[in-house]
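What follows is a single chain, given as structure tokens, in the form predicted alone.
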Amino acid sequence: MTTTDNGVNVQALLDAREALKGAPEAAQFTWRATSTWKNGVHSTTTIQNFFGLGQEQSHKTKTEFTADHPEIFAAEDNGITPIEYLLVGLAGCLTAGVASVAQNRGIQLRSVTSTVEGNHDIRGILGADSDVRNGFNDVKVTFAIDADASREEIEALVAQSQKRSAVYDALTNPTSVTVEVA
């Protein structure tokens, strides 16, 4: 018998799931990002603190993301566009889910690669056509997974990851978003 090690502590996740069943208030998390305008359409966004398990929490390190637009949009291209961060989030969340589910099911992964493509008609954000939405028209995720598993087992891994993905859920279901001036 071989031991599966995908680097995911599934027991800790299962223990947390059991503990939170009896303490739903502790499961209420608030994730935060703070963005600062630099110049033009260039901004930086930092993430460090969040609320969870009933108290303020902090990542080990502050992470900074740079957003801008490409030169073909008359910008300086100091970073990826904000809508591309959605693709980053989706890919990261689904990939984490694949690793976690594989670990829980005893499937050894050798490699996992996902390609996320978002088709976007920018006439919406430019106000060129009021019938065109501002966001993606559609998003496609394609996984290439090498693992000690059949194609059906790999497809089931991806399906379960999709089912449990917070980012997939946020992108595919209406979410209340409030924008205000402090």
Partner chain sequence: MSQRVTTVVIGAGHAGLAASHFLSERSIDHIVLERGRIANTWRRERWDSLRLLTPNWLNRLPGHPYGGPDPDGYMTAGQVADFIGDYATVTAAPVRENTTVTSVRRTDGGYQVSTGEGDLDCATVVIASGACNAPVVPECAAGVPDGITQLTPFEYRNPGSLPDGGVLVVGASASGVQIAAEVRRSGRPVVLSVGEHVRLPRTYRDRDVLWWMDATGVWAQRYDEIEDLARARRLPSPQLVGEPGTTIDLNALTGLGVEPVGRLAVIRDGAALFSGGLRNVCSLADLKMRRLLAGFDEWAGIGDDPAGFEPTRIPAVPRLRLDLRGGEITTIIWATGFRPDYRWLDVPVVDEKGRLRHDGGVVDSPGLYALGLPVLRRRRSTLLHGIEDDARFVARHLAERLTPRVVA
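Numbering follows the first chain given and starts at 1. Values in this document were obtained by computation on a predicted structure and should not be read as measured data.
Although not depicted, the form predicted in complex with the partner chain is the subject of the following passage.
J.: Any chance Thr3 has a heavy atom within 4.5 Å of the partner chain in the predicted bound form?
T.: No.
J.: Would Gly22 count as a contact of the partner chain in the predicted bound form, using a 4.5 angstroms cut-off between non-hydrogen atoms?
T.: Answer no; every heavy atom of Gly22 is more than 4.5 Å from the partner chain in the predicted bound form.
J.: When the contact criterion is heavy atoms within 4.5 Å, does Glu152 count as touching the partner chain in the predicted bound form?
T.: The answer is no: Glu152 has no heavy atom within 4.5 Å of the partner chain.
J.: Can you tell me whether Gln11 touches the partner chain? I mean in the predicted bound form, with a 4.5 angstroms heavy atom cut-off.
T.: Gln11 lies outside the contact set for the partner chain.
J.: Just one stretch in 26 to 34, 49 to 57, 63 to 71, 124 to 132 has heavy atoms within 4.5 Å of the partner chain in the predicted bound form, so which one is it?
T.: Stretch with heavy atoms near the partner: 124 to 132.
J.: Hey, which residues along 143 to 177 are within 4.5 angstroms of the partner chain in the predicted bound form, non-hydrogen atoms only?
T.: Going through 143 to 177 in order - heavy atoms within 4.5 Å of the partner chain in the predicted bound form - the hits are Thr172, Asn173, Pro174, Thr175, Ser176, Val177.
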